[in-house]
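Presented as structure tokens, the chain that follows is alone, the form predicted alone.
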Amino acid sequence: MSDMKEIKLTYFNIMGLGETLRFMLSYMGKEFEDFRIPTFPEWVNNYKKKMPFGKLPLLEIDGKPYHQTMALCRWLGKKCGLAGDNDDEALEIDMLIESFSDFRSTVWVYFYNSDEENKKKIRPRIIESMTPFYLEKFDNIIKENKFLANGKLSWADIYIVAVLGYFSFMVEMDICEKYENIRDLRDRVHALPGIKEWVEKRPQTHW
């Protein structure tokens, strides 16, 4: 597995969580097959039951399947020196990632809510209260330290920048337009060799 000669990423035809792995692999200079399932019915009928736990993204390395986005990003981060130089630095990265996961869970409750009346009811708390609560904290951390953890680039920066378009779509606002330090981090991550090339050539999707 260490050579990673053949890499295939299976995900939907969106950025979403799959973009985190696309960014990490691109940063590492790894060539990979970006396999996108075009429709939800095709996913349900032809692919879902074949997945280890019925979920995506799936990363296949030299024919062996691996799953769970954050575990994979953390593992790739270790491979390329972006997982911290010691246990304390790794902890700081994980704390930021887990905090972002709390934010993600909060937004998902709102975005994927099929009860429109309930969605309207919880919208003020999710969009007008919880969203700025988290984003202001992330923005201030970047303002003070230039990065999200340990004052230097880590896989947390790449992970979070990779899903900014996805989250902007879900919270119905351009996160990078309102929060200048998050925008600055996005621009610096997008300028990294490998990631810059990926962003320029990736398929254009709304989220």
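Numbering starts at 1 and follows the sequence shown. What you see is a predicted model; the values in this text were computed from it and never measured.
Note that the form predicted in complex with another copy of the chain isn't included here; everything after this is about it.
Shown here without its partner, the chain carries His67, Asp88 and Phe133, all of which come within 4.5 Å of another copy of the chain in the predicted complex through at least one heavy atom. By the criterion of a heavy atom within 4.5 Å, Leu72 is counted among the residues contacting another copy of the chain in the predicted complex. Taking the partner from elsewhere, Ile141 is found to have a heavy atom lying within 4.5 Å of another copy of the chain in the predicted complex.
Contact annotation for Glu98: at least one heavy atom lies within 4.5 Å of another copy of the chain in the predicted complex. The closest heavy atom approach of Lys55 to another copy of the chain in the predicted complex falls within 4.5 Å. In the predicted complex, Asn113, Asp115, Asn118, Lys121, Phe133 are the residues of 110-133 with at least one heavy atom within 4.5 Å of another copy of the chain, listed from first to last.
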